[in-house]
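Here we start with a single chain on its own, the form predicted on its own, put down as structure tokens.
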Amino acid sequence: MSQGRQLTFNIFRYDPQEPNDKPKMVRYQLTETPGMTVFIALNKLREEQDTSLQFDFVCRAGICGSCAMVINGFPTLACRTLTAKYPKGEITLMPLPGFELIGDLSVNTGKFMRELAERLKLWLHPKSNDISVHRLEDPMDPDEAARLYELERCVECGVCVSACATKQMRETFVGAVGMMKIARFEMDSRDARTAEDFYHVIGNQDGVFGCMTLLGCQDNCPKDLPHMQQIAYLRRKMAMTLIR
């Protein structure tokens, strides 16, 4: 069997828990194998060369969103990125900007997503207060269910947040992930909130009217979600509340 090519990884290293540590880039060499992803390469590096290397993963199948990082300048999922994509064999890895750094390539997206959910109240506000376990579930039109399912495919990887220029300039901006989730509940016929209610949450420069429409969220989303379509939808909804 022929030997695979040599890959060079330039990886950001910094542990904020270590008082004397400073941010730096460290180079690693690794032999490429058929079908190798950046995720597989990182595991081999940690197992064979540097056990202190920090990065996140859970599912290894592009479902959990944990392994999101900046690869050669673009935020994406390491488990869905083939090393063969880079013909020169040189790969630079950085942590996602816009999130609290845990260490090296690991960032705290969970903290951000929880704070976002609490801030925007991202849960169903049912029209009925009947909580009886014997009550039948409200029926839903299949077309509505399909639209909601499309928006539920978000894996909260944080890629759209890191790819958003507005978010990097304005920390309080809710980002595409926040507006995607708001759109999901605004479209849900079971939710008691009105367009006016949602306007008070995202009808400002931190919400739909702050988006500069640079398409960073849509261009980089690993699940190909319709971010701009939903932001435009919410803009129309919010604008109509001003006309009434």
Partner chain sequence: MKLIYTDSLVVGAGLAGLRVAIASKERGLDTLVLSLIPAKRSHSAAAQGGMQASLGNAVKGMGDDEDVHFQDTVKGSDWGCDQDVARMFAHCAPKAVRELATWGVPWSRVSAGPRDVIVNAQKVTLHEAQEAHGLINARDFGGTKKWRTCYTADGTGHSLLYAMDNKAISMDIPVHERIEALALIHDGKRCHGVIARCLITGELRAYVAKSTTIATGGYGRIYEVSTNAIICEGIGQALALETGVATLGNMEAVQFHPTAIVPVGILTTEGCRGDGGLLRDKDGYRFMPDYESDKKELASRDVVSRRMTEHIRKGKGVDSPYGPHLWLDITLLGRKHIETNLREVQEICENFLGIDPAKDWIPVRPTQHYSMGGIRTNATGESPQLKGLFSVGEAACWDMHGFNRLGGNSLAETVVGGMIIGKYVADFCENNSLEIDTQLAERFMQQVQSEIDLLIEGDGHESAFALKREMQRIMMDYVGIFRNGPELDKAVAELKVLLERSRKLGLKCKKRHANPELVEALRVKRMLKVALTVACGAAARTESRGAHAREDFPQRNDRDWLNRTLASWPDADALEPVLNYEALDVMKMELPPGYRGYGINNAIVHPDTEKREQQIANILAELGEDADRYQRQRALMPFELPESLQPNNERLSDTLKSPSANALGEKS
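Numbering follows the first chain given and starts at 1. Since the model is a prediction, treat every value here as computed from it, not as a measurement.
From this point on, the text means the form predicted in complex with the partner chain, which you will not see here.
The shortest heavy atom separation between residue 186 and the partner chain in the model of the complex exceeds 4.5 Å. Proximity of residue 135 to the partner chain in the model of the complex falls within the 4.5 Å heavy atom cutoff. In the model of the complex, the partner chain lies within 4.5 Å of some heavy atom of residue 39. Using a 4.5 Å cutoff between non-hydrogen atoms, residue 20 does not count as a contact of the partner chain in the model of the complex. In the model of the complex, the partner chain lies within 4.5 angstroms of at least one heavy atom of each of the following residues of 47-74: 47, 51, 52, 53, 54, 56, 57, 58, 59, 60, 61, 62, 63, 64, 65, 66, in sequence order.
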